[in-house]
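Below, in structure tokens: the form predicted on its own, a single chain.
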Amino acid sequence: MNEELELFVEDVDEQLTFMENALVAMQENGVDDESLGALFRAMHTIKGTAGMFGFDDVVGFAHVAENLLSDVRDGKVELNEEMIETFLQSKDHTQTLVDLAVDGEVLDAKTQAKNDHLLAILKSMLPDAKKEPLKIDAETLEDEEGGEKLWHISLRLKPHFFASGMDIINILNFFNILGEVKKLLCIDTNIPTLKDMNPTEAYIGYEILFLSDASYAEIEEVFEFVMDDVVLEIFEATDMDMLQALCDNEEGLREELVFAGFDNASRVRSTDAREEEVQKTEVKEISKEPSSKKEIKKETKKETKKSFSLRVDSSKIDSLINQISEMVIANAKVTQRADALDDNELSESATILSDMLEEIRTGIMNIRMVQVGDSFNKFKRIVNDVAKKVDKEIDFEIVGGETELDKMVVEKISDPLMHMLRNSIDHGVETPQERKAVGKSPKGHVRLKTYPDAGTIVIEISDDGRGLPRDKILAKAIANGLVEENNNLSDKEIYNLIFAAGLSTAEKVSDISGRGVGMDVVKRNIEALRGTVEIDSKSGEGSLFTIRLPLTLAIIDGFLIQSGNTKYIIPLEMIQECIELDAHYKKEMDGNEFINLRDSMLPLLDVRSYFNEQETQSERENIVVVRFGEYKVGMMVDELFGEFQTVIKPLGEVFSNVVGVSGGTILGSGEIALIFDIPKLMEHKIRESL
């Protein structure tokens, strides 16, 4: 993709995101002239820029939508709820048209039918339209209800699939709930010889014929949590164009499908016939005269185009952060060497360099920091669509949208948040009738709140629904063998059982939730970001999910300490104070792991004992008081070295399950210092105290 096309795609994404946010805001707060004018300009901009690239399908559709928006803006047509919903669908369809145009693909039969259907609706809303009933071919529309269809699902596992933690067999078994698997072919042609095989990589794929009344979206949602780990194609079995493209892209696939009894595959052209056709097409293309005038015209436009903003590819920022990280490590070595040589001038230069590196690091990290509200606004549309699907009325509120978080963290937390919001609406909030029966407002309330706290970002998802079914969760966990019958679990521990794989209390499976897959992946994805998730719920009052995430994943300000023979890093923003463990406190402890700190009981964690460190003869012992959320713990350590710019390095799979350690860093001496996972250490201490 060339530079001009990349700019076009980015601009369209911005315009469509604005349209969606504005339309959802209109549904909530009503219509105003300024938003209407901006909506018109957004569609007008898309039409104009698409025309420059010759994307006729985009231009044609955008032109009709623009005309209707112009009439709405001029007061000739009143913007009602039905029209807003149509414009939301038009926004989604415009994105589809742009994606196809950029990839150089033509509209398939299903997309063309959707295009014609939406155009007919938009034209019928124009003031001079003839009010004739619309003819809709329900079988060709993706979202229309109808009878059973035969779907073709092509699935290839990417090499890193097993790292996702998902079981492909469980996913495939779920198809038996949605419908009937008519044929299933395992594609094993990519499996290497035993000598070349990597046991941690996936090599297989599947071709499936699936009979069901489920929609495309419902089938695709089965793969919701492995989308980045598979190559997936879903299309109706009668779509010969898609089947032809599938067979063209994978040598030998047509023959395997025919042999396995996929009847339509026999109608697909063979590879040899396809290559002959491509060669003929290439000869025709070569014989065409190039349109030099058109090229000159485009080049001229490029020269006169003015840019008022700077767009930087995120990979360039990531590369720059990696380079800064290595410079921080190298500077630590220089600083230590200067101290060892007792060279004042070298030490002064090293200090200046350290300050400059910190400023550069802060500046670069700020580039990656974005306000979460810009990304979270898309959830308004999702909540609105899900609420309509389950016939519920939802008042959705976003609080703290101005809070800033690393863009990478925002992107990775998006899917877990989406899944939790869907669960809150589907299972948490009652139907209007149920709410009225218990004296509640018919409209449920769901809130997404974000705020900074103790060096972390807190994201809360709350609802005023029925609350989590404590007894059902416990009974299901016992039935699944997750806990014993005679257990002393607290309510909080019971609620956290919903994060166990395969545990669902839903009475029926819906296309939104209730499969028993997903919540375990939600927790795993959050923990992969060095975050935590907690649940609080009250029967009849609602539930609260609290997620805590680090501000960034690359470089942190740390505090270097030593316990035994090992050096450790504590995230600086979690430290409240450091005190000496003197004779007074030792006498006060008297064998217990608590001290009285200013009339407050402070639990202590002996780091040396916890990690089985060797005994050392330290001149003094220290307590580092750390806080995470509402909890405080005093960490007993031997030595305090002070602040340290910490470049977070992963420890690898061998150490991935070491509780209390989230990573490592390289010191100026070349030593490795382990970075404490404070939330996990606190969880251990709290459990120990119960």
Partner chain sequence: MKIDKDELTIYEVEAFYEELLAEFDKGDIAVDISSLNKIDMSVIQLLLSAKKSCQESSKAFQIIGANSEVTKIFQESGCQTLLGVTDE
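Not measured: the values here are computed from a predicted model. In this text, the rigid core denotes the largest set of C-alpha atoms whose superposition between the two forms falls within 1.5 Å. Residue numbers count along the first chain shown, from 1.
Although it is not shown, the form predicted in complex with the partner chain is what the next lines describe.
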| item | value |
| --- | --- |
| Non-hydrogen atom contact G363 with the partner chain in the model of the complex at 4.5 angstroms | no |
| P192 within 4.5 Å of the partner chain in the model of the complex, heavy atoms | yes |
| Contact flag, I168 vs the partner chain in the model of the complex, heavy atom cut 4.5 Å | yes |
| Residue contact check: L172 to the partner chain in the model of the complex, 4.5 Å heavy atom | yes |
| Listed range touching the partner chain, judged in the model of the complex by heavy atoms within 4.5 Å, from 75 to 83, 197 to 205, 113 to 121, 570 to 578 | 197 to 205 |
| Residue among M242, L184, I398, L357 with a heavy atom within 4.5 Å of the partner chain in the model of the complex | L184 |
| The unique member of F499, F223, F162, Y610 whose heavy atoms fall within 4.5 Å of the partner chain in the model of the complex | F162 |
| Did P192 shift 2 Å or more between the shown form and the other one, C-alpha, core superposed | yes |
| Yes/no, E430 Cα shift of 2 Å or more between the shown form and the other one with rigid core fixed | no |
| Core-superposed comparison between the shown form and the other one, M601 Cα displacement 2 Å or beyond | no |
